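The chain below stands alone and is given in structure tokens; this is the form predicted on its own.
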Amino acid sequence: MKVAIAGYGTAGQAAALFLSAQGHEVTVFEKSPVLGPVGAGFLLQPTGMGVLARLGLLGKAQAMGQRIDELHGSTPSGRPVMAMRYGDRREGCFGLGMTRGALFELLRDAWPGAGRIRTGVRIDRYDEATHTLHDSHGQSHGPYDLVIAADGAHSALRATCEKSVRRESMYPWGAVWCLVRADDWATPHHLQQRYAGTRQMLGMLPVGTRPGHEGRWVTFFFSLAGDAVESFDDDALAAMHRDVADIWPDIVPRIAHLRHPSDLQRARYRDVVMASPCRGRLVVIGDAAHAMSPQLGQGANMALLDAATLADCLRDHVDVDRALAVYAKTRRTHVRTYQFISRWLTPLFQSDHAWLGGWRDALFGPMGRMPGARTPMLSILTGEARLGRYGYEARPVDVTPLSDEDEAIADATPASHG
């Protein structure tokens, strides 16, 4: 098929790799004039690593990144709020901290077609009748047998599925972040966070190597209300330094060099819910289809799963319309699970509801040690949680399309929570 991909972030990169390997003629449009990564360091979960393994890239990813075995969160006084160990999920389980640049270069270098990407072309509209794309300069492209919208949380093509968009709003909170050189970081296998109520949260995530730079790196992030992110200035930076000194004095020397607001990147997040990611021969994947709060750290992993699942559905179903229908059903439960949990969990860490912080601090630790709660909490962390028909259940996520028999069962089964 002739396939167009709008957007060359993680979802678009993985989709280009999978579909090109299947023999499709892939054209990628990227609105940025220069290719490059966008976003903070992130935590690759077992689900995302499984997709990289299928692409033959997991070994390189592990060499670039940093193995993470534990997540620790505490109050400024050192009182533990959560302590989660991947090994408690199953033997050999771990996460992988990476910089966006490392993952971007890994996926780009693996695709022979990367040199032919159409940069500086913002795709604004998809014409379902003619299967063509239209850019911001009034030019048309196509027709295409399949169009993949992978143009991120602020997607322009998502509007094509206007009737399917149930929610599209900005989260009231965001963060500022930067990469910090930390060759001598004392806990290279731990993601560490500190919480001061629900209005202040900061963390340090080891992310391994950084393309173009020497040494090992850690991502520092500091939570702020959305309007404070937008107006982050010299006064806000000074206030951040004071807050860090109060909340986590041990890392003050690590960020002492941050003397200008431009030394930190700003991050805002969208909450996007779609009833269906498909319309005609257009399918929306990655953050364009299900952007959510980063509290669960699943964005890149969900994007990789989307691309792998879409490729499997196209491989197993000759009819494109049927393949897209099966794709939507296959990804629906997993996506809705994390949208549901993310919306419930975010106010516990980022909100103006101070009383939620006390509840969180008092209950999260004991809950994490309870056998009946520990397994679900770990499955949420690793990206392997789902909401079942009768409530919560946890099981490994695969990327295999539904069989015809399973699809018929799904049609007859009431939709899960969403």
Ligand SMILES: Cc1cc2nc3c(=O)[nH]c(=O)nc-3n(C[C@H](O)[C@H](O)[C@H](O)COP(=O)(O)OP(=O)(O)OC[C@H]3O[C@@H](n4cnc5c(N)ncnc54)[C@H](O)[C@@H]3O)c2cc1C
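Bear in mind the structure is a predicted one, so any value in this text is a computation, not a measurement. Numbers follow the displayed sequence, beginning with 1.
Another form, the form predicted in complex with this ligand, is not on view; read the next lines as being about it.
K.L.:
Tell me, which of 247, 156, 274, 229 has a heavy atom within 4.5 angstroms of this ligand in the predicted complex?
P.N.:
Comparing distances to this ligand in the predicted complex, the residue within 4.5 Å is 156.
K.L.:
Which residue among 202, 300, 313, 335 has a heavy atom within 4.5 angstroms of this ligand in the predicted complex?
P.N.:
Exactly one residue meets the criterion: 300.
K.L.:
In the predicted complex, which of the stretches 26 to 34, 367 to 375, 52 to 60, 66 to 74 has residues with heavy atoms within 4.5 Å of this ligand?
P.N.:
Stretch with heavy atoms near the partner: 26 to 34.
K.L.:
Would you check, heavy atoms only and a 4.5 Å threshold, whether residue 206 touches this ligand in the predicted complex?
P.N.:
No, residue 206 stays farther than 4.5 Å from this ligand in the predicted complex.
K.L.:
Hey, in the predicted complex, does residue 147 get a heavy atom within 4.5 angstroms of this ligand?
P.N.:
Although this ligand is absent here, residue 147 would stay clear of it in the predicted complex, with no heavy atoms inside 4.5 Å.
K.L.:
Please run the contact check for residue 241 against this ligand in the predicted complex: heavy atoms, 4.5 angstroms, yes or no?
P.N.:
Looking in the predicted complex, residue contacts with this ligand do not include residue 241, since no heavy atom lies within 4.5 Å.
K.L.:
Is residue 123 close enough to this ligand in the predicted complex to count, meaning some heavy atom within 4.5 Å?
P.N.:
Flag for residue 123 set to yes.
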